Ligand SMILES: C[S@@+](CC[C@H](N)C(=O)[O-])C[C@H]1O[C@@H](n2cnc3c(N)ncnc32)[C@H](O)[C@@H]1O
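Here's a solo chain for you in structure tokens, the form predicted alone.
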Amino acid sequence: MSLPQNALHGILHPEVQAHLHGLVQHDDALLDRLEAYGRERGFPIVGRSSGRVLELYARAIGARRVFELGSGFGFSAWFFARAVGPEGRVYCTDRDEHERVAFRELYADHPLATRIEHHVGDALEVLATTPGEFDCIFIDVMKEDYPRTVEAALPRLRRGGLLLIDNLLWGGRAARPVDLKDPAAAAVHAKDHATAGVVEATRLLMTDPKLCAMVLPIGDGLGVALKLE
């Protein structure tokens, strides 16, 4: 699970995190390749345990159309592609062409590749030009962009659909008390746009009467919001 470079601490004890990681058993070498590739690059993947939660929720609501805002080379897409089934579709987005190249090389002729569309470009622009409602929308873009991404995503989610958001605990920074009466602390807080984005996106989820939402203390904090109407 991705953390800010100046994370205060891991959300879970390392032994607990390793235990949860080990619970996700599979017989697909592709997941091992994706995981190894992420480690090799130092890329902040969501991790197996959080990925399994994404798959579980998508399966629970019978998701067939999933949209990812911020996909990298397709680690989380592996879990969603399993959930949507042969007739389902996972729409991936990333700004960088090299991520799509990596996706194609890693997935190659794997059966799950036929369920995934990987688009290069601004995630919100791709969302705007992709028609229809979605069963699940997963957000993992730049954290300072979280509030406007949440606002853009919610209208595209069907009633009973799920909005899933990575990194809502942000290495503990989202819960760090800031004394705004201290000029130095206030200045640092004001400059931490990523943390401010995470905090505001969380507020949007938890105060919207059309959502039933919670932040799960797994990985770096996984936001789950069910659209009620």
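Remember, predicted model here, so these are calculated numbers, not experimental data. One rule holds for the numbers: they count along the sequence shown, beginning at 1.
Omitted here: the form predicted in complex with the ligand. The next part is about that form.
- Looking at 151 to 159, 72 to 80, 128 to 136, 109 to 117, the stretch with residues near the ligand in the model of the complex, meaning non-hydrogen atoms within 4.5 angstroms, turns out to be 72 to 80.
- Contact between V141 and the ligand in the model of the complex is found at the 4.5 Å heavy atom cutoff.
- Though the partner is left out of this view, G121 does reach within 4.5 Å of the ligand in the model of the complex, counting heavy atoms only.
- For the chain shown alone, L164 is not a contact residue for the ligand in the model of the complex, no non-hydrogen atom being within 4.5 angstroms.
- Among heavy atoms of P44, some come within 4.5 Å of the ligand in the model of the complex.
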